[in-house]
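The chain below stands alone and is given in structure tokens; this is the form predicted alone.
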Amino acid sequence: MQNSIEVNNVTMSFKRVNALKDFSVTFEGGKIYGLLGRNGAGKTTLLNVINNRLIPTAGAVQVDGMPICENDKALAKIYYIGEKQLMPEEMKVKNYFDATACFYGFDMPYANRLAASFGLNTSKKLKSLSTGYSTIAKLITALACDAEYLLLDEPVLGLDANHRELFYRELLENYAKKPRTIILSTHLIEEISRLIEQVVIIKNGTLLLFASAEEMLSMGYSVSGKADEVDAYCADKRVLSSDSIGALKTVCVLGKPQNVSDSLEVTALDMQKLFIHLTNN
């Protein structure tokens, strides 16, 4: 399929552990995906298989209809960042940008503008950067390159709240100017819930949920009000979680709201609470 990453029946085994089990999913072009799962679910393994850093035990990956395995043309369409910094530690940030520009189309003025916005000194060596600024250097490089598919594994590792918000804003602006496929793998579910269009949840190496963010959130709702009224309403409901403050209570419920009293307030479900419910069962 053109304009897509297709993962077809992939199994990835490490000795006696199957990190991925007959896993299939298609990431279509021009969408932002949230790749979610608990620790050890197989998210990073999946991204490494897609990027040909791991050769699957079984199955295959195609990018725009081309096999990814040892295929430079297909791999040139993907830019991946993970927790590890793969560039030489003695390299300066500006040389990191230069090196990336050797393999991808690269918007150097944009990268330098982003560096100024984030307060990143491009004359510093990579080894001298804090965890947060090392992450920022990688994110700027990803945003400035012209790869059609961005795979971002824990992209805000070590960033403070201000820098995380700046990154999310820049990501959306970048995507609006040049729509492409972006896969965000993160544990900060609520922070990315407003960014993502599609949700992919992995549990124990298998695909648990593939749905639009809207479809996922429509699986439940929150109801708030006086504790006794909320308890009475939820008596026969599937409750995901509840929080109380004094005489007031908020409960997350699975299903569709029905026959809700005017004295109770119904709001959209918290994506993180639904994720916890789905992955705990």
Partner chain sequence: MKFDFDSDVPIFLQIAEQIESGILADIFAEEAQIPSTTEVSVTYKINPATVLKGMNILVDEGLVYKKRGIGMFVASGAKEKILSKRQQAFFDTYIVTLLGEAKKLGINKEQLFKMIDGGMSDAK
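Positions refer to the first chain, counted from 1. Predicted, not measured: the structure shown is a model, and the values here were computed from it.
Another form, the form predicted together with its partner chain, is not on view; read the next lines as being about it.
K178 versus its partner chain, in the predicted complex: is there a non-hydrogen atom within 4.5 Å? Close contact is absent here: in the predicted complex, K178 is far from its partner chain, nothing within 4.5 Å, heavy atoms only.
Hey, in the predicted complex, does E173 get a heavy atom within 4.5 angstroms of its partner chain? Residue-level check for E173: yes, a contact with its partner chain.
Taking heavy atoms only, is Y110 within 4.5 angstroms of its partner chain in the predicted complex? No, Y110 is distant from the partner.
Is V156 close enough to touch its partner chain in the predicted complex, meaning at least one heavy atom pair within 4.5 Å? No, no contact at 4.5 Å.
Given that its partner chain is left out here, which of E148, E83, D98, E165 has a heavy atom within 4.5 Å of it in the predicted complex? Contact residue from the list: E165.
Candidate from E70, E214, D243, D228 lying within 4.5 Å of its partner chain in the predicted complex - any heavy atom: Contact residue from the list: E214.
Specify the contacting stretch among 187 to 195, 126 to 134, 113 to 121, 73 to 81, defined as having any heavy atom within 4.5 Å of its partner chain in the predicted complex. Of the options given, it is 187 to 195.
Residues of 234 to 268 having any heavy atom within 4.5 Å of its partner chain in the predicted complex, listed in sequence order: Contacts from 234 to 268: just A268.
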